[in-house]
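Okay, so here's just one chain, in structure tokens, the form predicted alone.
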Amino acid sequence: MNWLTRTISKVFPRKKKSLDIAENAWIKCSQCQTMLYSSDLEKTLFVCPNCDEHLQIHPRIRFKNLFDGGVFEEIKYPSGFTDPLNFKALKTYKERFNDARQKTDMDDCFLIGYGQINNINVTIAAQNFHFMGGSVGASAAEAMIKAAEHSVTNHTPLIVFTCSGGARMDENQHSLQSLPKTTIACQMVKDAKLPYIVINTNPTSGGVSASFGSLGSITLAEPNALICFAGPRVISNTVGETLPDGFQRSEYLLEHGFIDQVVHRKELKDKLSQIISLLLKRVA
């Protein structure tokens, strides 16, 4: 508390609470650097009103805007903590994992929801980049299996929002060996003749882009999302070449046939229901 707030609190003691500002009250746009009030951003679906940049969004807020009436059932999945390598960097893996759980109010980087989009039953799994960079470890792979099983059991399309730096380094080869599980999950849905739709958001990279992030029956992307295996800086330094403008961004990938459509966040709900309606009739 600085001298100003101390003085005001003495003169107006009942106003003290109004001086407390949450840490996440303001968010800086990653593109134009504008400071944005978080409560205003919720009204714009976390799209910057200044430059239209699609900012990272918590899966609960995403679900609130996608599911009819914001109503959905959260589907739990096995999310027990394991640390086979006893990994430690600046902090231990366990400390970082528990910090991420507390910060995001999630069991792991995935949130699974079941509800309706424009009266169509769907199962959605969405990643949260704020949970250790959306990295996929053993329990996150179990989330994909659980989402696929729920989709098949309830005969619903499976929609997956990717937002990840790839496999979780803290689990090393254990996380890499978990990625084939996610591809099996995708195949389970396809074998049941159900739509598997992927929406790549910023960023989608590493093992996620190399597995379930690229296996959609239909693959959409949010505008200007970075979608890659290795990032442009790494590639540029490796090959010693200057890369094209917009390289590995949604629009570039659409132009080169890697994704099917770039969809603005405010139009996504209607676009998904349109696609699902067409695909369900096709497989019926």
Partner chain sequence: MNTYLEFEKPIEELDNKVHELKSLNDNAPSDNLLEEITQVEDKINETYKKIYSSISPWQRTLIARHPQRPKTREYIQNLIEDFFPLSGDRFFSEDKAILGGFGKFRGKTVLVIGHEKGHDTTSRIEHNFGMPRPEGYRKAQRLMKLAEEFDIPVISFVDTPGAYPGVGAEQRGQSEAIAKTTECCLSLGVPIVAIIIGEGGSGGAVAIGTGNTVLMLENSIYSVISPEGCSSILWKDNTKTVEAASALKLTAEDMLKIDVIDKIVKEPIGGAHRNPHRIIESVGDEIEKYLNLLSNQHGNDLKHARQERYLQIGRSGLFSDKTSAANTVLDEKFGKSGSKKRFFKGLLSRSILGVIAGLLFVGLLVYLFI
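Take the two forms, find the largest set of C-alpha atoms that superpose within 1.5 Å, and that set is the rigid core. Residue numbers count along the first chain shown, from 1. Just so we're clear, the structure is a prediction, and the values are computed from it rather than from any experiment.
Another form exists, predicted together with its partner chain; not displayed. Remarks below refer to it.
**Q** Can all three of 179, 210 and 248 be found with a heavy atom no more than 4.5 Å from its partner chain in the predicted bound form?
**A** Affirmative, all three are within 4.5 Å.
**Q** So if I measure heavy atom distances to its partner chain in the predicted bound form, which of the stretches 61-69, 47-55, 249-257, 26-34 falls within 4.5 Å?
**A** So the stretch in question is 249-257.
**Q** Is residue 173 near its partner chain? Define near as a heavy atom within 4.5 Å, in the predicted bound form.
**A** Yes, contact at 4.5 Å.
**Q** In the predicted bound form, is there a heavy atom of its partner chain that lies within 4.5 Å of any heavy atom of residue 98, even though the partner is absent here?
**A** No, residue 98 sits far enough from its partner chain in the predicted bound form that none of its heavy atoms falls within 4.5 Å.
**Q** Whether residue 118 contacts its partner chain in the predicted bound form should be assessed with a 4.5 Å heavy atom distance threshold; does it?
**A** Residue-level check for residue 118: no, no contact with its partner chain.
**Q** Residue-level question: is residue 40 within 4.5 Å of its partner chain in the predicted bound form, judged on heavy atoms?
**A** It does not: once its partner chain is placed as it appears in the predicted bound form, residue 40 has no heavy atom within 4.5 Å of it.
**Q** Heavy atom within 4.5 Å of its partner chain in the predicted bound form: which residues of 214-241 qualify?
**A** Contacting residues: 214, 215, 228, 229, 230, 234, 235, 238, 239, 241.
**Q** Once you overlay the rigid core, does the Cα of residue 69 travel 2 Å or further between this form and the one not shown?
**A** After core superposition, the displacement of the residue 69 C-alpha between this form and the one not shown stays below 2 Å, so no.
**Q** Answer yes if the Cα of residue 40 shifts by 2 angstroms or more between this form and the one not shown on a rigid-core superposition, and no otherwise.
**A** For residue 40, whose C-alpha is compared between this form and the one not shown after core superposition, the shift is less than 2 Å.
**Q** For residue 240, is the C-alpha shift between this form and the one not shown 2 Å or more after core superposition?
**A** Yes; that C-alpha moves by at least 2 Å between this form and the one not shown.
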